[in-house]
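As a starting point, one isolated chain is supplied in structure tokens, in the form predicted on its own.
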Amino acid sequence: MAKKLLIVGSGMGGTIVANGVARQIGGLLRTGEVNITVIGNTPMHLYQPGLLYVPFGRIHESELFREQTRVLDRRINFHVDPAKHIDVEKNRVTAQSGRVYDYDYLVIATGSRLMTGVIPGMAEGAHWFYDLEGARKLRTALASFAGGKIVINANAPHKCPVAPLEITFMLYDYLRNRGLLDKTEFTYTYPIGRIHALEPVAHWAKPEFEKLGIKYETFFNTSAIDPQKKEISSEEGVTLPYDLLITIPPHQGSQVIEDSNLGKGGWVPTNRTTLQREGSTNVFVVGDTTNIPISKAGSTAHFEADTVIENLVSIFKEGSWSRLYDGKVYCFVETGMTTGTYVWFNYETPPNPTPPSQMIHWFKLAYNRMYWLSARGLL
């Protein structure tokens, strides 16, 4: 009987796993010894990191999307059929259509979602760029901005940890190019006692902010936003006025994870090296869905996916284990419209940002173009 690999989630992590496994076990797929099924929420695949460029008109929306059937290997079964309940005891997933998908091995890659509604006034009074609608609205707001107080407000938890820094640096350059810096005041807020969760990154970014005259308010945990008064307040009792508020909304994991009692907040308890769900030997978790305390970023999903691919291929071909995940993360960081840096780290090595350069900026733009090769398992 064929071994069934089921992947719940068709974003970056799930897609890379599906394609990577398919490309390495072609013979087993041809003979029917293994079959691969992916179930997702949408027929389109979105390159989420590209949303950062939409507000500045630096990318066309059409460049962010591909049909999922064109991204996945043709030997993979794909269904737009969102998961409703995951039963790890009975090895089956029930979808919203009512269809039941059983499996021998499961990969959970359900990602995370914006939770703008948990903070009063955020949906009405703030802009963001973490989904296409938000990025479009921010693009419109920036086009009409003529100066004033800008607040960049980061909330936790959120994915793509360097994005708050990137939007700040890019916005500074954008307004400088429009001749509006002398009419603009920047304030950046962060919920802990430094301006980034990773201490070495915070130590690097702080003098960069100070050099540009960007103010910052740490220990700022957002309590409410008043769209009429244009004020944002913190649980610590600080209130900041704004003319333009750009927020990094808090995130939670997928609702199906909570509904299936697989993890508080939608985060699945995951072994940090095997990437198996705690308590399961045939359930793997990748990307934002894990509760591993490392960056929820595209590169994290990619490196985790590589580990899961190698182990699944070894299991299918040889019945043995292959490798462990070392916590590797590699993120390009835009430091303006024409410069960038990068951070990489793992469980043993802390990040150490390099001096920004134009070359690194171009490397990031090049990767944006090459992402589709990566998602297809070719890079």
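A residue's number is simply how far along the shown sequence it sits, counting from 1. Note that the structure is a prediction, hence the values are computed from the model and not measured.
What comes next is about the form predicted together with a small molecule, which does not appear here.
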**Item:** Non-hydrogen atom within 4.5 angstroms of the small molecule in the predicted bound form for each of Thr116, Ala126 and Leu180
**Value:** no
**Request:** Taking 4.5 Å between heavy atoms as the contact cutoff, choose which of Leu106, Cys160, Ile76, Leu245 touches the small molecule in the predicted bound form.
**Result:** Cys160
**Message:** Counting any heavy atom within 4.5 Å as contact, can you tell me which stretch out of 204-212, 172-180, 272-280, 78-86 lines the small molecule in the predicted bound form?
**Reply:** 78-86
**Prompt:** Can Gly340 be called a contact residue for the small molecule in the predicted bound form at 4.5 Å between heavy atoms?
**Reply:** no
**Request:** May I ask you to check whether Tyr101 falls inside a 4.5 Å heavy atom distance of the small molecule in the predicted bound form?
**Result:** no
**Message:** Whether Leu5 contacts the small molecule in the predicted bound form should be assessed with a 4.5 Å heavy atom distance threshold; does it?
**Reply:** no
**Asked** Counting only non-hydrogen atoms and a 4.5 angstroms cut-off, does Thr222 reach the small molecule in the predicted bound form?
**Response** no
